[in-house]
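Just the one chain here, the form predicted alone, laid out as structure tokens.
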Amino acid sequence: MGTCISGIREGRLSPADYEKNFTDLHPPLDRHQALVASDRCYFCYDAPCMTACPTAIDIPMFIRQISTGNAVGAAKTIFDQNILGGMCARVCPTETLCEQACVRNTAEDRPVEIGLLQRHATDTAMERGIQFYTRPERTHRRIAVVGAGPAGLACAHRLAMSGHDVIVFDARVKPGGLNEYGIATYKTTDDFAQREVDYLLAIGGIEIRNGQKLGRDFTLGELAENFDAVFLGIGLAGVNALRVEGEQLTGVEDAVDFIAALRQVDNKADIAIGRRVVVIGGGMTAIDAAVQAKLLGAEEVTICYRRGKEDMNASEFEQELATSKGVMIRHWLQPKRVIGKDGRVAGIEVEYTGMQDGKLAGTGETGILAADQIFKAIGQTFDPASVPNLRLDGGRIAVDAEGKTSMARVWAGGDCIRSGEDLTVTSVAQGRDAADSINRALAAAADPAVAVA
């Protein structure tokens, strides 16, 4: 029966059910399917899909290459702009980015399948082991990158393409950041995150040092003193609290920890899940946690969000995915009190909300949802303690248009800065662009001994 804590237990399903439930959400296109899908593209001159892509991939170009049987060339077009194009093809909310902008929507209400076509191209190149980039002669410039997530890896790769030596420091035991620890398991199967990291590192000149945390094992000042430049891609480490009575009860968990644990476990049956699960939040993390709770065998899964459907950060596609899996999404509810029994979660008292004078407010009307497990997914927070000398903007690192921070020779990008959406593709763009800025700054210096502003 597995370990049982109140209504939370392991092994709710058969091995066959776990395997079926956690198969690839969007199976890849085969060659014929890719040719058919690519034939629907108009190859627009001023393509709105390209404008909608944070990494500005030449989408009409790579789709045309696929249509002519040149999937490898298409991969090169993609990787030139987004070296993590394989993961982005899997996890990007294409329905709100490139595919939403597709002109096919006007007449047919069905866009070109850009995400699947991008995956077809990048998978083809990776599966054949084709490398498009070689590291030039070493410049003997040393760059420190803190964080081996999408921003840090994209920055490191672009710097290695210029011949610099890059040392990537990461607090976790594996590189990959959000791609490795924060994405729903059914969106990226077969250990793809690590295979993509290996593909990226094949260029050479990039050393990853795991288990190294900024503020604990080294300081920003030490990095700035010992390296020619520093890039910070440290993400968001904290999780917002519910700030209600009973939050400390057994069974109240962080959704990000739940998702990370499920990503790293070998046997899905080892993850304990409740019979009745409540998820608090309205973003992608809430959806990922809720859907996976259902896939693990939870009988009832309810998402409670304090505002309306149109205000949820999760896309309409993701919301529909959740409901198709049996998740109930309830709007205009906020947590008021976690109800416990013998130190464990037994339910949650929620309060109905509404807009009063343009502001969200509780109505005073309450209700109780039975629950033996509650996941908090109400946003993550940035911890500024590790970067005490940097100027902040809205609680995150302040940067200029090129990613430069308030400290000389230090750049930043990804979720730790307040710019753009907290998406893998946005982080890649910021890491890539910061690397280009670092290259320009290094080139402008008279010699390696000159400080780079």
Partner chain sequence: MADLRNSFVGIKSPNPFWLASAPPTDKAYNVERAFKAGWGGVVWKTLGEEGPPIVNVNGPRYGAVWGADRRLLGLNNIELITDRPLQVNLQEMKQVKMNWPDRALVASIMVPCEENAWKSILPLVEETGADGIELNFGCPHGMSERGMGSAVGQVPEYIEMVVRWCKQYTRMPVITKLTPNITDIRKPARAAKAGGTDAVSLINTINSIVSVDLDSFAPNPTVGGKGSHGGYCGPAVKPIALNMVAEIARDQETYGLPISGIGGITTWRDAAEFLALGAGNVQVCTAAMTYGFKIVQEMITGLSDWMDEKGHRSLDDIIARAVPNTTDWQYLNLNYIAKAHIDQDACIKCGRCHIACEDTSHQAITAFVDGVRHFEVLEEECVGCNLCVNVCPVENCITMDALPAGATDRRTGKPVDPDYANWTTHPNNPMARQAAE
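Residue numbers count along the first chain shown, from 1. No experiment lies behind these values; they were computed from the predicted model shown.
If you look for the form predicted in complex with the partner chain, you will not find it shown, but the lines that follow are about it.
Peer 1: Of 107, 173, 355, 241, which residue is found within 4.5 angstroms of the partner chain in the predicted bound form when only non-hydrogen atoms are counted?
Peer 2: None of the others qualify; the residue that does is 107.
Peer 1: Of 34-42, 388-396, 402-410, 417-425, which is the one stretch near the partner chain in the predicted bound form, taking non-hydrogen atoms within 4.5 angstroms as near?
Peer 2: The contacting stretch here is 34-42.
Peer 1: Any chance residue 69 has a heavy atom within 4.5 Å of the partner chain in the predicted bound form?
Peer 2: Judged by the heavy-atom cut-off of 4.5 Å, residue 69 is well away from the partner chain in the predicted bound form.
Peer 1: Is it the case that residue 46, even though its partner is missing from this view, gets within 4.5 Å of the partner chain in the predicted bound form, heavy atoms only?
Peer 2: Yes, residue 46 is a contact residue.
Peer 1: Should residue 103 be classed as touching the partner chain in the predicted bound form when contacts are defined as heavy atoms within 4.5 Å?
Peer 2: Heavy-atom contact with the partner chain at 4.5 Å: present for residue 103.
Peer 1: Out of 313-349, which residues reach within 4.5 Å of the partner chain in the predicted bound form, heavy atoms considered?
Peer 2: Going through 313-349 in order - heavy atoms within 4.5 Å of the partner chain in the predicted bound form - there are no hits.
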